[in-house]
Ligand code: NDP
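Form predicted alone, single chain, as structure tokens, below.
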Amino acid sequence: MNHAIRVHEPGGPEKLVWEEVPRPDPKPGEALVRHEAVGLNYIDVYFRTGLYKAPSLPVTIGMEGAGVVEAVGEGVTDLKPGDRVAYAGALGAYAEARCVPADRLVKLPEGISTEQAAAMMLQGMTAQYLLRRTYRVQPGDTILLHAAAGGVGLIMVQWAKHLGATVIGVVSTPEKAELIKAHGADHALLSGEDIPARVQEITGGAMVPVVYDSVGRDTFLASLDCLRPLGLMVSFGNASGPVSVPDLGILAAKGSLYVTRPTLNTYTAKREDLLATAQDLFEVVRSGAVKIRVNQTFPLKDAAEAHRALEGRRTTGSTVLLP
């Protein structure tokens, strides 16, 4: 018996259908994973609504999970039944069991639970490449982070503080402002404020070298105004809708700025990069420098309710779906 949440046509949370699906057999190079936990991420909403196109319909959405290997396909030598594993970036996670390319699976070390792993693989590895590779945060840097109370946001707040940065976080409510301060943010701004003016005040007019923005359309132009000359705008999400790229002349006018739209898949395309990224994440979590907060759990069959909570900004930290 195997069940999955599938989308037969794009739309709202009601389009998430819990149904019985065949139990797959691993093909060569694959492993069958019985999920113990599945991560909830905003990219799941994009696939549900059709903003991101699925290869075909119906589709099982979800990009992140953790569990136990039940079987391996031909040619898989570094995994065996019983291994605890996790992954991020492979569409199809909203299922009790699924096959995953073995080269995308990471073995979990002692001290990292499967529930923790499902809450942090996509979000935590995203935080890793953003802070260590897209822009390498150094001690003394001041950074601006939108949606700072979300899953990626709370990890980035803690990790950036661990790296010696001053963190300015933007959130939607006073309660979330208190939350990010409790996790180490130096300044908590509310999204209704004049963000560039507040950043100017905080930095004494210097502005910031990097803005991390997963909100998208509603914040893009204001984010550019927070950057110092030659600053880097990192647009890594579209929670408010996709960004329409303005006339590139705006980057010249605002100080020869850089803009990038990075993805985890690009940064972990090589197996060695995937393992190094995951290892860095495991180390900061096991050291206690970054704490993974699973603040909400839902049964996997109730994924629609989880999506309503996520889109309604009623979640903080990480959310996990339990098969």
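Note that the structure is predicted; figures quoted are calculated from it, not measured. Start at 1 with the first residue shown and count on from there.
Beyond the structure shown, there is the form predicted in complex with the named molecule, which is absent from this document and is the topic of what follows.
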{"property": "Contacting member of 243, 85, 224, 239, with respect to the named molecule in the predicted complex [4.5 Å, heavy atom]", "result": "239"}
{"property": "Single option in 158, 116, 128, 214 placed near the named molecule in the predicted complex, where near means a heavy atom within 4.5 Å", "result": "214"}
{"property": "Residue 263 within 4.5 Å of the named molecule in the predicted complex, heavy atoms", "result": "yes"}
{"property": "Partner proximity in the predicted complex: residue 147 to the named molecule, non-hydrogen atom cutoff 4.5 Å", "result": "yes"}
{"property": "Contact flag, residue 317 vs the named molecule in the predicted complex, heavy atom cut 4.5 Å", "result": "yes"}
{"property": "Residue 42 within 4.5 Å of the named molecule in the predicted complex, heavy atoms", "result": "yes"}
{"property": "Interface stretch in the predicted complex with the named molecule - options 98-106, 160-168, 230-238, 245-253, non-hydrogen atom within 4.5 Å", "result": "230-238"}
{"property": "Heavy atom contacts to the named molecule in the predicted complex at 4.5 Å, residues of 52-88 in sequence order", "result": "none"}
